[in-house]
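First comes one chain, alone, set out as structure tokens in the form predicted alone.
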């Protein structure tokens, strides 16, 4: 009978490095078939959490259960069903790409020959190239292939798109959706808000070692925003723009306006009407800005 309990259950996880904070009372759950984002600035505690989950670090308190098994009792069983891409990727530079992947596949008592070949072609990796000769982006692609080539039930990815060009990022996102459709579970650590919004079903948001919130992606998208700077040929009519419900933080300087856009831009463009727009610039706010704006300083300091 298929288990209905969460694939990952983390309860009150804490870790300190001497007097320095790692994570404090971190709790969240990840369901089967879910792409779960673990979102926060660099140094927030994402990698510490992941390393405890995989048995690389010991916690000071709390509990981690994966596949209904406790990591302190059944770690090897858990790892045999888990693929992992570390944030600080280090590969065997003296091996060729194909040799490296075959070696890791055999360590897992698997023969992923066809799947490895398909993934190499998909990500444009040359199997006979020495790993030491690869660019950062190509090494990252090899790391991603290594994490999924044995078709694990759980895939844990720590900052997986680091070094990937835009086309490869889209291919990577497509791969994640395919894994989800096969019922695989994915934990994706990232400091990029737009990336988590693009592919995840829900996310835990961490800052300074503490969980700020656990949100479904629809709620997160509502709370996120873009910063727009719009220049027009003539002075703007403020009365048409101020009533818009999805615009905040309005600032006017002559024929230029700056605002926070929540959702679609179409209502704003219609409000601008006959204004001749000479330039539009769009910026994504930093995670710190999002945390402070929507979760309050008392929750993030």
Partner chain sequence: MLNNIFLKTLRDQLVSIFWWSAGFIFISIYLSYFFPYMSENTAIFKMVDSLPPVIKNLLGDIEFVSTPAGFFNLQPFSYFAPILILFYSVSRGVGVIAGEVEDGTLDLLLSKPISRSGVIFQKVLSISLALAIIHLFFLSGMVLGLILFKIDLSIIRLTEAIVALYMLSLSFLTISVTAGIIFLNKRKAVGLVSGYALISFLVNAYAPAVNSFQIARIFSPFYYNSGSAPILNGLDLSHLVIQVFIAVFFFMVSILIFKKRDLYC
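Being a predicted model, the structure only gives us computed values, none of them experimental. Positions refer to the first chain, counted from 1.
There is another form of this protein, the form predicted in complex with the partner chain, and it is not shown here; the text below is about that form.
The partner chain is not drawn, but in the predicted complex it has no heavy atom within 4.5 Å of residue 232. Although the partner is absent here, residue 194 is not a contact residue: none of its heavy atoms lies within 4.5 angstroms of the partner chain in the predicted complex. Residue 62 falls outside the set of residues with a heavy atom inside 4.5 Å of the partner chain in the predicted complex. Mapping the unseen interface onto this chain, residue 86 counts among the residues with a heavy atom inside 4.5 Å of the partner chain in the predicted complex. This chain is displayed without the partner chain, yet in the predicted complex the stretch 88 to 96 from 195 to 203, 117 to 125, 88 to 96, 172 to 180 comes within 4.5 Å of it by heavy atoms. Relative to the partner chain in the predicted complex, residues 225, 252 and 284 are all farther than 4.5 Å at every heavy atom.
Proximity to the partner chain in the predicted complex, taken as a non-hydrogen atom within 4.5 angstroms, holds for one residue of 79, 217, 213, 134, which is 79.
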